[in-house]
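Just one chain is shown here, as structure tokens, and it is the form predicted on its own.
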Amino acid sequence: MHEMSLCESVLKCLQESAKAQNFKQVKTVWLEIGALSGVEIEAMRFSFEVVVKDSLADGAKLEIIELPGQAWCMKCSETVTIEQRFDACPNCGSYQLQVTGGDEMKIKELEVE
């Protein structure tokens, strides 16, 4: 369950941002999570609640923006949407795909006081 360590990293970012930007409480966190990132969304929600307890983000709402997996197909020269790594191209069936998006996780936005 690496989601717990991911949430600890998110909390560390929040604490550093609070220090740099002088805010005291986080009300909402928007996270972008790609379909190919290997992050379990429900585990992330559970871990977030546990990790932020008694911190500046205690009680904060977690909004998750799910991004689709994308890849460049070398055979048909198009960007395609894929469900998981090593999928075939949905257009031509080729496995010559290079992942170009959907493997990231980042803090998109914060609502703070």
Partner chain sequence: MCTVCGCSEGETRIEGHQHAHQHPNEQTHDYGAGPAHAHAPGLSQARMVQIEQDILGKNNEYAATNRRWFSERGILALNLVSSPGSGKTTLLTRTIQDLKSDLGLSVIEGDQQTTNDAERIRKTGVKALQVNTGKGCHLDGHMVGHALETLAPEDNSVLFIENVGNLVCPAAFDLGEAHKVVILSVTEGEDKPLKYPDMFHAADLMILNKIDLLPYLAFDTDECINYARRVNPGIKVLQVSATTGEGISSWYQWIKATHQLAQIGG
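Numbering follows the first chain given and starts at 1. A quick note: this is a predicted structure, and the numbers were derived from the prediction, not measured.
The same protein also has a form predicted in complex with its partner chain, omitted here; what follows describes it.
- Taking the partner from the other structure, its partner chain in the predicted complex has no heavy atom within 4.5 Å of any heavy atom of Phe46.
- The shortest heavy atom separation between Asn91 and its partner chain in the predicted complex exceeds 4.5 Å.
- In the predicted complex, its partner chain lies farther than 4.5 Å from every heavy atom of Thr81.
- In the predicted complex, at least one heavy atom of Leu56 sits within 4.5 Å of its partner chain.
- Contact residues in stretch 31-48 (any heavy atom within 4.5 Å of its partner chain, taken in the predicted complex) are Leu31, Ile33, Leu36, Gly38, Met44.
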